[in-house]
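Just the one chain here, the form predicted on its own, laid out as structure tokens.
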């Protein structure tokens, strides 16, 4: 049996110092919520959905209630969740006017034969999800606040349950003023999110850079080749910096509950929860703080 553990991030970017305290409170709450789901017998997938749902419910990130408008003034959100044990995933892209795309991504994973749904098809699927009672509809009340981060603050997490099963996820609206229909790395399997039976990763930052190197899958491949998740994170960010302009980061976990993270931006708020409590949180985390 593995001790359940969850690691949560709030984006690799620059956050205004005024909001650091409330950001840390939010990611700690998200980590505890996900851990609680596993402590009550839930799976790693349950933990990832519930943790990201908490972050989407805030207006602190460019996700959920804090989602930003695109160039046309519309809000399009993306999310993905992956079950490493089954090597299966669900992703939604460019969905308009919903607060919790992570739950819709879970619906794609659990209730459809496909892995990715986009645009109006995803909106119809959301309506089906609500009609079936799979999830309750969330009140559509978005923030009108000025974004508190510089462009990139995707939210995501990786969880390991008591069976050693791993799940990863991510949710975002992308940056303010993006091209309508633009899809970044977050809902793309292997780029923003990846998990298998050995390890899982959730990436964040400049999506076009992350897409170029397929960073999530690459990070897990390092673990498959025998390195620790911490070293896999460092090597992945090194490649990101060597092959692209960088500005990204990732969090990881393996089936034994070992954790890793790396980033090349000023901030990547991260919280870790295990053994019934928050074990660590920081705006500028170092994994040896766990």
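Keep in mind that what you see is a predicted model, and the values were worked out from it rather than measured. Residue numbers count along the first chain shown, from 1.
Unshown form predicted together with ligand ASP; subsequent notes refer to it.
Enquirer: Is residue 182 one of the residues lying within 4.5 Å of ligand ASP in the predicted bound form, judged by heavy atom distances?
Expert: Residue 182 belongs to the contact set for ligand ASP.
Enquirer: At the 4.5 Å heavy atom threshold, is residue 202 in contact with ligand ASP in the predicted bound form?
Expert: Judged by the heavy-atom cut-off of 4.5 Å, residue 202 is well away from ligand ASP in the predicted bound form.
Enquirer: May I ask you to check whether residue 206 falls inside a 4.5 Å heavy atom distance of ligand ASP in the predicted bound form?
Expert: Although ligand ASP is absent here, residue 206 would touch it in the predicted bound form, with heavy atoms inside 4.5 Å.
Enquirer: Would you classify residue 90 as touching ligand ASP in the predicted bound form, given a 4.5 Å non-hydrogen atom cut-off?
Expert: Output for residue 90 is no: heavy atoms all beyond 4.5 Å of ligand ASP.
Enquirer: Please identify, from 112-120, 184-192, 159-167, 128-136, the stretch that has a heavy atom within 4.5 Å of ligand ASP in the predicted bound form.
Expert: Only one stretch qualifies here: 184-192.
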